[in-house]
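A single chain, nothing else alongside it, follows as structure tokens in the form predicted alone.
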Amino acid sequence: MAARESSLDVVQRELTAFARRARATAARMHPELSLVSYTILSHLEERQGCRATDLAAHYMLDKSTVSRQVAALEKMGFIERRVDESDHRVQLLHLAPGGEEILASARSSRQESIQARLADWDPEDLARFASYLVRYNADAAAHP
């Protein structure tokens, strides 16, 4: 049991360090695109648009927090509102052309950074690491 607790302590510490480094790296790569903004833009791209309330539910955030983020991204020209074709009372958030461009640029910078960090990893280690991350995130999504 002590070995498991020790391992869990290491996982918690390393995930915290990972998150801290991710935020700092995001700020350096694209000062105008925070990690939160990047994840919102990525979500909109993946879903091909959604409501602000859907973002709040997905990220388990207060609606006012999402509203501020959306307003800032809209002001920068990264997202736009469109009327939902199935319900004209609803506005959906979509990537604007500027959002598509900055998201592609940020994604490219992040991929280069990750490739550089993992360049010396054995292919099997890299595949295991990737599968562990997928497993961890799937479990996290299933048990928020």
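In case it trips you up, residue 1 is the first one in the sequence shown, and so on. If you're wondering where the values come from, they're calculated on a predicted model, not measured in any experiment.
This next part talks about the form predicted in complex with the DNA, which is not shown.
Not displayed here, the DNA is approached by Ser64 to within 4.5 Å at the level of heavy atoms in the predicted complex.
Of the heavy atoms in Glu46, none are within 4.5 Å of the DNA in the predicted complex.
Residue contact check for Arg128: none of its heavy atoms lie within 4.5 Å of the DNA in the predicted complex.
When the DNA is considered in the predicted complex, Val36 lines it closely, a heavy atom lying within 4.5 Å. Of the residues in 85 to 113, those that come within 4.5 Å of the DNA in the predicted complex through at least one heavy atom are, in sequence order, Asp87, His88, Arg89, Val90, Gln91. Between the C-alpha atoms of Glu85 and Glu45, a gap widened by no less than 3 Å is obtained in the predicted complex, as opposed to the form on display. Legend note: Cα of His88 to Cα of Thr65 is at least 3 Å closer in the predicted complex than in the depicted form.
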